[in-house]
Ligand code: DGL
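The chain below stands alone and is given as structure tokens, in the form predicted on its own.
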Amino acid sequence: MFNVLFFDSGVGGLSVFRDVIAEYQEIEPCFLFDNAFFPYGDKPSDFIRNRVTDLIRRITEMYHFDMVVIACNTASTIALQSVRAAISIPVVGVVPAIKPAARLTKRKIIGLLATPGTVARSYTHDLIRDFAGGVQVLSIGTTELVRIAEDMLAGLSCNLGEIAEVLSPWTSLPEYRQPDVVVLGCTHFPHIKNEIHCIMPQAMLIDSGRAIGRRVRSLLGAMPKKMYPERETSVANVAFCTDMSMLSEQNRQVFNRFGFQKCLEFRPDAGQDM
């Protein structure tokens, strides 16, 4: 079994965790989510880069992991290279599925649904330049859908009208000018995939989750099986947040449903009480 750390600002990265486990089960997972600064989509790039790098560096110094999966598009597009430079184990990031979308579109129009930060990043612009030549890319940057996804995972009802309002820049266009493939460029959005499909039933919705699962399977499958000494504390199936006072009971239950037995606060500058 391999120890894998999953990281996001909220619960959205659980969609990536679910897809990774579907591809490769030889994993003992731990999840760290930075709820103290959720959501990342409207935060400055330098802040995100420094914050994500510092958190992941510190937790990997405290506990043994074989791999880190940054299960957040915004954090990946900003901090992936910085995190890789800071730690010595493999780091897998999540980036918008622009390349497969450009290959799948028949109308030559794709939609990128992401956070404002991901839409604006040069990394995303480079993906579009490199892999979507000859394809029109229509982008919507939203933090509202992030909130809706978090609420739905917590068991709250969903207002389809709110989702429709976010998507209205596309749905108000004549059908022949609407995207026929939509990239879910935030790991929160697969959690509301059915609701988005209700608003845009003719569009194919794609995300990077299964591709990330295959990448994790490939990397871990090539690693030698190592025997590590038994530790007094195990972080397998533990979800760490960065501010316990902001952790709702609903979010705690979400992690429990995904198999994480404990939700604890990560305090990098103090001892961890397990």
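Keep in mind it's a predicted model, so treat the numbers as computed, not measured. From 1 onward, residues are counted along the sequence shown.
There is another form of this protein, the form predicted together with this ligand, and it is not shown here; the text below is about that form.
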* Asked: Looking in the model of the complex, is this ligand within 4.5 angstroms of a heavy atom from every one of 9, 38 and 115?
  -> yes
* Might residue 146 be said to contact this ligand in the model of the complex, defining contact as any heavy atom within 4.5 Å? -> yes
* Structure fact -> Exactly one listed stretch (193-201, 153-161, 132-140, 179-187) reaches within 4.5 angstroms of this ligand in the model of the complex by non-hydrogen atoms, and it is 179-187
* **Neighbours of this ligand in the model of the complex among 72-110 [non-hydrogen atom within 4.5 angstroms]** => 72, 73, 74
